[in-house]
Ligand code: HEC
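Quick setup: one chain, the form predicted alone, written in structure tokens, and binding and motion questions come after.
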Amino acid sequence: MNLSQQSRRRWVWPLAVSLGLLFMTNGCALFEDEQTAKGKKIYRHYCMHCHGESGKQGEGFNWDSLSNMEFPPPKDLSDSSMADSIADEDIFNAISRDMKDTTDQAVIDDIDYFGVATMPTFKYTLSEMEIWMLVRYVRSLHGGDFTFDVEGRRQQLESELESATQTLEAATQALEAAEAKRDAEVEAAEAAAEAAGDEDFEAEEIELPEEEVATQAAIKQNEAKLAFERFAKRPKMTVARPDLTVSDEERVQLEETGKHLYFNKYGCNSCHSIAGEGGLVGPVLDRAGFRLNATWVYKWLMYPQGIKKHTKMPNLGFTDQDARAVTAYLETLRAPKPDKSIAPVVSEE
């Protein structure tokens, strides 16, 4: 190798290393920027009407409706104190939670939950990855650092699925072996009884502990599979056509329960208004009892995205019974048509 080649090698290798480091650094930055951009898109679709474009209180067009309620108004997501006072996991848990009855004293005493009582959950609407994207964007609104290891979380779920699958396979094999042994013992006993001329012989039913072990292993494997799938994919479900036929007495109770759930558990009034009170995000529901088909309402409550893919209304995690109750309550909303003969007052200001 001549001097010129040695000289080239001396500067080519450091240059390659530098370029590699530059690519890795910029690559991570580009990935983070992409995740933040996706989080912003989700935020603008689902969150901006209440939290505002920059996260400041009073910005969102639905703000005034929420600030008049008995619950704390939406948090100021632009508040720089959030950078140190709230962890990534805290924001995630607020976005992805189960809706609770806000008249329950235990819920009232739960500051973390009651502080976001008017906010819907997105646990059943977005994938886990999308929620982390949303958390990343919220962090950018108040200048905080997003530090949660999302890839580590994905690997954890993948590892848990692999472990659960291996456990299920082992449990299945153990069950099959136990069943084979039991069947062989029963056949031997039956053969012995036949040889002895015992026509009344009946083999004793043998319970296998391996059956319960295999059943539990299958349940855990299915849970691990769903968790891994929902990390990257939005939850989906199939809603069967319900039979909403009830007696008059049952209907009265359902209507009362549904009204309670509407206002106090699922926070429907945060987005919808009745008699001029409530949110401005969703349709006015004064005449819902006239306009809406009960079966359609039930399916909409259970899985809005199954009817309208890009609706702003999230899947709130309604149970079957809760959906039936709220459907019954909405059927009672039969306000008279507004009097259009009276001209609206136009301000000259």
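The model shown is predicted, which means the values in this text are computed figures rather than measured ones. Counting begins at 1, following the sequence as shown.
Another form, the form predicted in complex with the ligand, is not on view; read the next lines as being about it.
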Do Tyr262 and the ligand come within 4.5 Å of each other in the model of the complex, heavy atoms counted? yes
Even though the ligand is not shown here, does Pro73 get within 4.5 Å of it in the model of the complex, heavy atoms only? yes
In the model of the complex, does Phe290 have a heavy atom within 4.5 Å of the ligand? no
Closest heavy atom of His272 to the ligand in the model of the complex, within 4.5 Å or not? yes
One stretch from 184-192, 153-161, 169-177, 75-83 that, in the model of the complex, holds residues within 4.5 Å of the ligand by heavy atom: 75-83
In the model of the complex, does each residue in the set His49, Asn62 and Phe114 place a non-hydrogen atom within 4.5 angstroms of the ligand? yes
Going by heavy atoms, what in 307-321 lies within 4.5 angstroms of the ligand in the model of the complex? Lys308, Thr311, Lys312, Met313, Pro314, Leu316, Phe318
So the C-alpha spacing of Ala117 and Val326 changes by 3 Å or more in the model of the complex; is that change toward closer or farther than shown? closer
Relative to what's shown here, the Cα pair Glu70 and Phe114 differs by 3 Å or more in the model of the complex. Does it come closer or drift farther? farther
